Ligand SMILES: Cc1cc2nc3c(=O)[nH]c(=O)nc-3n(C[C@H](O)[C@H](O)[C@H](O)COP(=O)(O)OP(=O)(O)OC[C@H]3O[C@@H](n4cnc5c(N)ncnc54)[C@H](O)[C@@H]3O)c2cc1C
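Quick setup: one chain, the form predicted alone, written in structure tokens, and binding and motion questions come after.
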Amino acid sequence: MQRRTFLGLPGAALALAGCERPQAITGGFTGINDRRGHALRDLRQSPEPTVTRRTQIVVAGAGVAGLAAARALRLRGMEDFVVMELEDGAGGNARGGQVGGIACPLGAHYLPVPGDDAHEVQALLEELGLRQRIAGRWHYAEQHLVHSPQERLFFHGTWQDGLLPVDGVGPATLEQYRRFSKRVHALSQAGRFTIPASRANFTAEHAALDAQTADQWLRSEGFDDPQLLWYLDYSCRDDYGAGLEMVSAWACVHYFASRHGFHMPGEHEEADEDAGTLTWPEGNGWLTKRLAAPLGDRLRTGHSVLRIAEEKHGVAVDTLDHNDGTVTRWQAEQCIIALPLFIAARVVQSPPALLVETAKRLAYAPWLVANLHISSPLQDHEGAAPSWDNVVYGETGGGLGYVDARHQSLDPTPGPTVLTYYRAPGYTPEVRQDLLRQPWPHWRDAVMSALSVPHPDLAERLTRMDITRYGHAMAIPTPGTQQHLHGKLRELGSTGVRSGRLHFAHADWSGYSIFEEAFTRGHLAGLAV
């Protein structure tokens, strides 16, 4: 996830605590080994394997979709499989880590309580003890729901409750809030928006929204208030990694209509078992760690998938073990491909036209996650109390604020914590290259500059900053994406994507990346084997 950048005062903010202080801050890049991925990209020819092994099923990729597929296999009593993962840990962009002994997310950090359309995710949560039926109603474990206060916004020099700008805005702004709320409600009544998205009929209204960018649609509807547009842009960057100028109007409406709508200040959703957000100090890494735990040595981390070829009587999967350089050919009956589509299209030999065509349509958002170890609580401005999610209005560079790893703790004693700051810098090849090219001190100073606006004593209390960079964090739901997916894959929601002995499982097949989409895709692939 990403939060703000505010690069306008690169030296002034740091000078508040003395210009020498940043030199004492330790840290570096962590979490992603981009060299391994680029080595695969730059291969002219896949090396010949020196070892051959056999298994019933190979799962390529141990992100949320791959882990969900492995769980589905185990639930069916199928144990003869291996899961291949490029990185040194499973979970994809939903992994967790530690800084200074404090658990923190390396990517996705929350899961909204799933609705009934995501019944596979509901079943997982029940299995993990997070959901249970009491007196005929479903209840979620209170310790895992976000504690109050949940969200606040640094707006006009003070903190306000909630993320929709309210304090000091005029009646014209409030009127646009009301009108947008009614518009989202009307669209959701005209055609359902669901998660997973494939479980809704794709109506003419959906198609019209999907045919244009969000900013085009908003202008045509007369929505031009700066505060409203900022909030909608923030929301789209939060889920999709890109703003209003790039995501489709369908995606913008779906963000609200697929869950609990858009609510005016002062409006409160009716409290029920479907409301709320689940989170943990390590974010969704809490979930992926539990999905990976039963796999044992069937999970092969540090392994690149070089080649997947469907043969007459099975599938050949070549993998590179980065620990010793061994190339192994796995002879399997079937293969579940839980890889981003731009990678799947590269490693699958004679790829099906549907894979090639869909991969070409997708654009991917880069992502930066910075974990800041703070020795003691930061000074604060007036207004709302420190919350789980803390956002700065108007921050440039795609920043999305920060979450506090200690927020879920029941220990009220102030002490060290880790703040996880997110940034979605925008989609261009130059942005992605800059993300990977710039050294750690560059991003350290950018993050400090952004967060020193609401917290001028940050440099005095910051001891370490670990930064995780995702060059292709998530597929962006650009105009036409849903039209393509629903047109080509009408049976996608119930049967999964299959080509012979190859089963495809990744959130990319939904056109955007959230836990529910990835998990459902993986689960369906595991059932289809």
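Throughout, we count residues from 1 along the sequence that is shown. Please read these numbers as outputs of a predicted model, since none were measured by experiment.
Separately, the form predicted together with this ligand exists; it is not shown, and the next lines address it.
(request) Heavy atom within 4.5 Å of this ligand in the predicted complex: which of 303, 455, 444, 206 fits that? Just give me the one. (result) Contact with this ligand in the predicted complex is made by 303 alone.
(request) Have a look at 109, 131, 71, 406 for me and say which one sits with a heavy atom within 4.5 Å of this ligand in the predicted complex. (result) That would be 109.
(request) With heavy atoms only and a cut-off of 4.5 Å, decide whether residue 87 touches this ligand in the predicted complex. (result) Result yes; residue 87 sits at the interface with this ligand in the predicted complex.
(message) Considering non-hydrogen atoms and a 4.5 Å limit, does this ligand approach residue 256 in the predicted complex?
(response) It does not: once this ligand is placed as it appears in the predicted complex, residue 256 has no heavy atom within 4.5 Å of it.
(request) Answer yes if any heavy atom of residue 401 is within 4.5 Å of a heavy atom of this ligand in the predicted complex; otherwise answer no. (result) Residue 401: no, not in contact with this ligand in the predicted complex.
(request) Decide whether residue 154 counts as a contact residue for this ligand in the predicted complex under a heavy atom distance cut-off of 4.5 Å. (result) It does not: once this ligand is placed as it appears in the predicted complex, residue 154 has no heavy atom within 4.5 Å of it.
(request) Would you point out which of 457-465, 46-54, 61-69, 481-489 contains residues with a non-hydrogen atom within 4.5 Å of this ligand in the predicted complex? (result) Correct option: 61-69.
(message) Check for me: heavy atom within 4.5 Å of this ligand in the predicted complex, for each of 118, 193 and 476, yes or no.
(response) Contact check failed for every one of 118, 193 and 476.
(request) Quick one: name the residues from 326-349 with any non-hydrogen atom within 4.5 angstroms of this ligand in the predicted complex. (result) In sequence order, 338, 339, 340, 343 come within 4.5 Å of the partner.
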